[in-house]
Structure formats: C-alpha cells, structure tokens
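Starting off, we have a lone chain in the form predicted on its own, written out as structure tokens.
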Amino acid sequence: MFKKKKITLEYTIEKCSKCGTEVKRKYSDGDVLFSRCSKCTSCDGMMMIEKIFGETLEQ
C-alpha cells in the first residue's frame, strides 16, 4: 500500500469595501490581512485582503 500525498494550496480572498465584491486568487508573498491591495474592477473602490487560507488536496 502507498500513502496519498497531501498538497496544501494557499489562497487569498479580496473584498471591496464599497460594493462587497469578492475575488479569490492564489496567495502571493507580501499578502497581509486587512491591507489595501488594489482597485475594484466593478465600482472603482479599494479592495482589502479579507482572508488567507489553505486547501489540502490528496493525490
């Protein structure tokens, strides 16, 4: 028998403080919770990092 290999993928959730639009993207170095990161594509508000998490997959 062989063991399944586990891989953890890191993600960042960005949320617009004006319209509430959420975007999920891969985590990148330098991401900090509650920091402003970019402009919202739908309302021109500021996107803020709301959540950083990992998902574990088995292969």
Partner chain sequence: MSLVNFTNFDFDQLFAMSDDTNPLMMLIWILPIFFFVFYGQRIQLYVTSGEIKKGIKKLDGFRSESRDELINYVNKNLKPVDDPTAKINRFIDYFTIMPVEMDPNGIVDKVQHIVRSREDYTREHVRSLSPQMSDIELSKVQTLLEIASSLQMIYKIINHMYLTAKKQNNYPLILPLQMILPFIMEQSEAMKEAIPVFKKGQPVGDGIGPMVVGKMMLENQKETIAFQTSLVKSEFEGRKLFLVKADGPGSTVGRPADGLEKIVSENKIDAIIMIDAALKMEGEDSATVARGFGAAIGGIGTEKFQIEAIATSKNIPVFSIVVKQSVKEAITLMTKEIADTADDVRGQVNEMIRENTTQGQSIVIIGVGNTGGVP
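Positions refer to the first chain, counted from 1. As the structure is a prediction and not an experimental result, all values here were calculated from the model.
Although it is not shown, the form predicted together with the partner chain is what the next lines describe.
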Is K18 one of the residues lying within 4.5 Å of the partner chain in the predicted complex, judged by heavy atom distances? no
Give a yes or no for E14: in the predicted complex, does one of its heavy atoms lie within 4.5 Å of a heavy atom belonging to the partner chain? no
Contact of D44 with the partner chain in the predicted complex (heavy atom, 4.5 Å): no
Are any of the heavy atoms in K51 no more than 4.5 Å from a heavy atom of the partner chain in the predicted complex? yes
Using a 4.5 Å cut-off on heavy atoms, what residues in 20-38 are near the partner chain in the predicted complex? Y27, D29, V32, L33, F34, R36
